[in-house]
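Just one chain follows, in the form predicted on its own, and it is written as structure tokens.
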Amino acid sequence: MSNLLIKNARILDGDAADILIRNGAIAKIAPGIAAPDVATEDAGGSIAIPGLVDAHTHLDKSLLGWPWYKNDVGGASLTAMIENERNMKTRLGLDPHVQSMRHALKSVAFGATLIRSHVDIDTEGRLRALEGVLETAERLADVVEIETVAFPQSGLMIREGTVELMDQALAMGADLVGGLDPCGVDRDPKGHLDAIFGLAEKHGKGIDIHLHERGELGMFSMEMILDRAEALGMKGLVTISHAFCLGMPDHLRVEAMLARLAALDVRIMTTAPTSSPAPMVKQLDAHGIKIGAGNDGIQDTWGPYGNGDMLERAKFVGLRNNLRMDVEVKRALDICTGGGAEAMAKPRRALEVGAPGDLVLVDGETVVQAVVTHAPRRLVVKGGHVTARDGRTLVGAP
């Protein structure tokens, strides 16, 4: 953590002011701050926004730095894409530390200050991916905060020995227990959920489960997740990522589920997908449900898209949810900044005294313009420490 004075910044769409960061937290926001003992940066009238938060990504999967990958699998079945990815990782000999460094630093250049990464744990790669991402998290501790989820991408019950590896991953330091489509992948919802909730209880950690299952199948799995969260007293400790089933057209069915999610303080992480149903921001907001967003995997064997830019992701959240008014677009940005941090149970990223000293200086006339044009980033600051300047990180990628 560092001390830093930023002069002449426009605070979101407000007036110009200076921002003083001491010991990693915002200490003062006002015009004309004098702090001769502190390093100074001139914002030159750029807009200051809170540090960006990628609340759902996969740092160990990206093919950044490799020759362009020709995708021959496309939108095949989930199982086929999982198998293809596992085979390609082995064939290419990917180094999880190198790939996660490349991915994380690319995100930092765009303004990321906090990342939650799901990390594959399976009987072929075993704990290698987690070891690599944990090394990256340690190396970049002053650059970006990285939280890890032990993620059984290839299935839990269908691959004997995975539960034991997940147990080891959590003992090694993975922050959360991951899960994946209890019906669609493992075809054993009771066994799958008993295993991940058992691991969470044993290690005293929260859960973030991928739920791609749609319609009534997804609702069935979601109900089983909530039953366990309620029985184990895990209010506020469960996250459901994707949650495609909440985009089903049965409004009354969805409303009843949202009420239950809210009562248990379950958080929802979305990528604002274009090709799948998705939980809708206004509906979740009406119930007070905490929402985060993420880039998911970027430029990997699953697809060629994504660049690590959470300002661009805020635009996608706005587009997917038909958020048109300025106040609505700002809500999309909040999901990718302070709201995303809250959904991760982290201190809210905000431009206010006492908040973490995480911020981004962007060019543009207004915040909304910066979102829709994903404007250039002039400076990225993490805990008062400058991490990127003019779109380039100060730490070089391998």
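Numbering starts at 1 and runs along the sequence shown. Here the structure is a predicted model, which is why all the values come from computation and not from measurement.
What comes next is about the form predicted together with another copy of the chain, which does not appear here.
- Another copy of the chain is not shown here, but in the predicted bound form it comes within 4.5 Å of a heavy atom of residue 312.
- Within this chain, residue 235 is remote from the site of another copy of the chain in the predicted bound form, having no heavy atom within 4.5 Å.
- In the predicted bound form, none of the heavy atoms of residue 160 sits within 4.5 Å of a heavy atom of another copy of the chain.
- Taking the partner from elsewhere, residue 325 is found to have a heavy atom lying within 4.5 Å of another copy of the chain in the predicted bound form.
- Residues within 4.5 angstroms of another copy of the chain in the predicted bound form, judged by any non-hydrogen atom, belong to 362-370 and to none of the other stretches in 54-62, 29-37, 362-370, 346-354.
- For the residues 320, 139, 287, 128, the 4.5 Å heavy atom test against another copy of the chain in the predicted bound form is passed only by 320.
- Think of it this way: in the predicted bound form, another copy of the chain has a heavy atom of just one of 92, 264, 81, 217 within 4.5 Å, and the residue is 81.
- For the stretch 257-285, the set of residues having any non-hydrogen atom within 4.5 angstroms of another copy of the chain in the predicted bound form comprises 274, 275, in sequence order.
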